[in-house]
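First, one chain by itself: the form predicted on its own, in structure tokens.
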């Protein structure tokens, strides 16, 4: 099988090898048991498996790493989801008195999906992504990572590529794991700026004074806006895109800009005209921030709040395989965030192929090692024979 091609029909043949030889069970268990501070922490964690033909198995739980390993190697799930730590073992939830089976703790999680940006990206739509629109995920990670660390004081954040079109964040601090549903909602609301559905043209409205969090977020967006929005998405180049941008500014300003744009075709110069107009309107009693609102509407992270606020909400596990793309849900190294390429993430077919390629090399190495050992043994025996001959010769001479 070609390393660049992934065929979903081959997944049933590839998963057994992946779970037997590649899945990082030891590190996975160590993460989810959190040092074993609470003995039942891992045992009371819910796992859910999606099997072949979309068979969905919830409330799986395991006592040990070995038990988890054996069950995953037996079931070979197409997808793994991680849920909450419950008051009782999830696999015994049917035997527990009604109402007493409660979700107690879970990491604070965030799910950012590229499909939520379809109204502000022209390069792709739906589940499709490319290197141009992936910049939106880079911006989202930078903004949320800074806010979660600096504004909330969290330290243990795990960012993971979903395997297809988005990213997940797992906030693993003890304080985050113990947050109530109301507190999770409050954090998610604090981080959410884009409001309203498709029927809302203007999804961000800024008021004075601008909150420091929004100011920090704007400074991140500014680093990417020219290249991403003006050059790659060409939001001020094509007529349709220009009309969408101008719909976000006040009507009096829109008329002026439409006149200016008739004589100015360059997207970056058009953007300067918008900023100049925003600055000019700052002198009015009611300050206007429509240039900043445009930047945030086109680039600010779009969160699925429901994923974040529910303690018992399931989220796709790191190192799970995406059944449609075959790509592994790998952690993202934030030190090289701008270099992260979702298309360079290995597929299960590629890594299994590499494993198969290793086998003949391993056998050759073993063969060479055994030959070397045989040669060493022969040399030692010859030396021993020579030494024995010398001793006999000396005795005969004596």
Partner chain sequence: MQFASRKKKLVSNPKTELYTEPLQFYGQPPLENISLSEFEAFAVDRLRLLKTVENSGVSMVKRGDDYKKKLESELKALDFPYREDVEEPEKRRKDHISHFILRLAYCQTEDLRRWFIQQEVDLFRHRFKGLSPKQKLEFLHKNNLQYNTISGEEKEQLKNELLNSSHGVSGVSLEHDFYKVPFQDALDLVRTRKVYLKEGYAYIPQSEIVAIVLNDFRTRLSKALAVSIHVCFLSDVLLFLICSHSYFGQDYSGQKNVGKISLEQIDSLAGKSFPLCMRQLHKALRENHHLRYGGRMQYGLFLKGIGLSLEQALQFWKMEFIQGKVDADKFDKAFAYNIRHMFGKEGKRADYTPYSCMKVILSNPPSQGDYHGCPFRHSDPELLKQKLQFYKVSPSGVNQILELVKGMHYQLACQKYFELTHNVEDSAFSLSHPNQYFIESQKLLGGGKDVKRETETPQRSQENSAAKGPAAAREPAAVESQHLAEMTANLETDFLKTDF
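Quick caveat: nothing in here was measured; it's all calculated off a predicted structure. Numbering follows the first chain given and starts at 1.
There is another form of this protein, the form predicted in complex with its partner chain, and it is not shown here; the text below is about that form.
Only one of 203-211, 87-95, 254-262, 116-124 lies within 4.5 Å of its partner chain in the predicted bound form by heavy atoms, and it is 203-211. The closest heavy atom approach of residue 133 to its partner chain in the predicted bound form falls outside 4.5 Å. Among residues of the shown chain, residue 231 is not one whose heavy atoms approach its partner chain to within 4.5 Å in the predicted bound form. By the criterion of a heavy atom within 4.5 Å, residue 153 is counted among the residues contacting its partner chain in the predicted bound form.
In the predicted bound form, at least one heavy atom of residue 175 sits within 4.5 Å of its partner chain. Between the options 82, 307, 278, 179, the residue in contact with its partner chain in the predicted bound form by a heavy atom within 4.5 angstroms is 179. This chain is drawn without its partner chain; in the predicted bound form, the residue among 73, 102, 226, 266 with a heavy atom within 4.5 Å of it is 102. In the predicted bound form, its partner chain lies within 4.5 angstroms of at least one heavy atom of each of the following residues of 164-187: 175, 179, 182, 183, 185, 186, 187, in sequence order.
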